[in-house]
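Only one chain is shown below, in structure tokens, and it's the form predicted on its own.
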Amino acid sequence: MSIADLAETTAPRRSAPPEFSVVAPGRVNLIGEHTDYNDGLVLPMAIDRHVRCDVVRRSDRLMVLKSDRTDHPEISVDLDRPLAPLPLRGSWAAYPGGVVAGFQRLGWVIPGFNARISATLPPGAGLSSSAALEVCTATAIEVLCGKTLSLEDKALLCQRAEHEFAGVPCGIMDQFAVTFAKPGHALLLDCQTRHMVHVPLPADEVALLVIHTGVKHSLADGEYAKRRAECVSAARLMGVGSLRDLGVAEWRRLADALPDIEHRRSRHVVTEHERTLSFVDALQARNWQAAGEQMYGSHASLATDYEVSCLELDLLVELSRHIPGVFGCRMTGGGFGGCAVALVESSEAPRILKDFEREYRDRTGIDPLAFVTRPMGGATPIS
């Protein structure tokens, strides 16, 4: 497909009522950051902010994508021709386009359709709006074609779309969280075996706060890929297939010979694996203080060893230590901006939210987007 096969349409159109809609949640990762592409453990949960796709069939063979965001042009793609990454790279349509290409490779004949995309997820916040859009598109295609993939195959197809069409070499966490999430639970995912355990989060005792710094950076700018390459280098130098293959004791025995960068990057990954296990143990014991300390330890490691935090994220974590009712706080997502997540006492969540907003505004002049959230289920079609 050439760039000529993409049409940006500016003429207004009357929108037909959707035949069906799909809603896919964003996700926040409680702990286990930058470990998924190292075959490690992660603990995301779906949140009550989402991407929505309203779908109407067409009589021709076009996929027409329109976003409610004014900076996103309408895109029209010919489904009779194989989609390729280059014409879509850098466009918001790369995410649904990559998903369509994945289904084309499977031999699915996708009927023409209009899709209006809307979202309550803020873009660039590290809340996985890209994975939500991918899984939302994949679920819509399943409905259009009257058949389904297994949940795992759908998540992997969406991951490949992000690799090939968006140019982000992400792990499996985001797509699996958006696909497999269960209401009231976080998802403990072993990225090596793909084994999953749903871990309860009792809403009567704890709540999750998400606070957006107002700073947005693209993970496609090279830093994400650079961190991944540094981890691959560290694993190779220590003679293992991935950093997941190392416990802390074995890492200590091998790490002295590493260059400084590989030493620090691998130390984060290996210790984050242990923090994730300790965090889950604390949740299951309802020891919220112990869980919070693991979150603080995770953030410190991400800021110093992995170097993916920023001043604004560090400030939110610093502020959290002085707000009563906060058990723990850390950056979440790929980093370089985006959001922090805080584990807080449920009954105090509204007051704590206001404290975060006031303190952050006073220190930065930024009025942050902040909200209380709860664990939701995965992507689903709705009538």
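Bear in mind the structure is a predicted one, so any value in this text is a computation, not a measurement. Heads up: residue numbers just count along the shown sequence, starting at 1.
What comes next is about the form predicted in complex with ligand GLA, which is not displayed.
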Quiz item: Looking at the partner-bound form in the predicted complex, is residue 188 within 4.5 Å of ligand GLA by any heavy atom?
Solution: no
Quiz item: Can residue 36 be called a contact residue for ligand GLA in the predicted complex at 4.5 Å between heavy atoms?
Solution: yes
Quiz item: Does the 4.5 Å heavy atom contact test between residue 173 and ligand GLA in the predicted complex come out positive?
Solution: yes
Quiz item: Do residue 333 and ligand GLA come within 4.5 Å of each other in the predicted complex, heavy atoms counted?
Solution: yes
Self-check item: Candidate stretches 320-328, 53-61, 348-356, 333-341 - the one whose heavy atoms come within 4.5 Å of ligand GLA in the predicted complex
Solution: 333-341
Quiz item: Which one, 103, 180, 113, 224, lies within 4.5 Å of ligand GLA in the predicted complex by heavy atoms?
Solution: 224
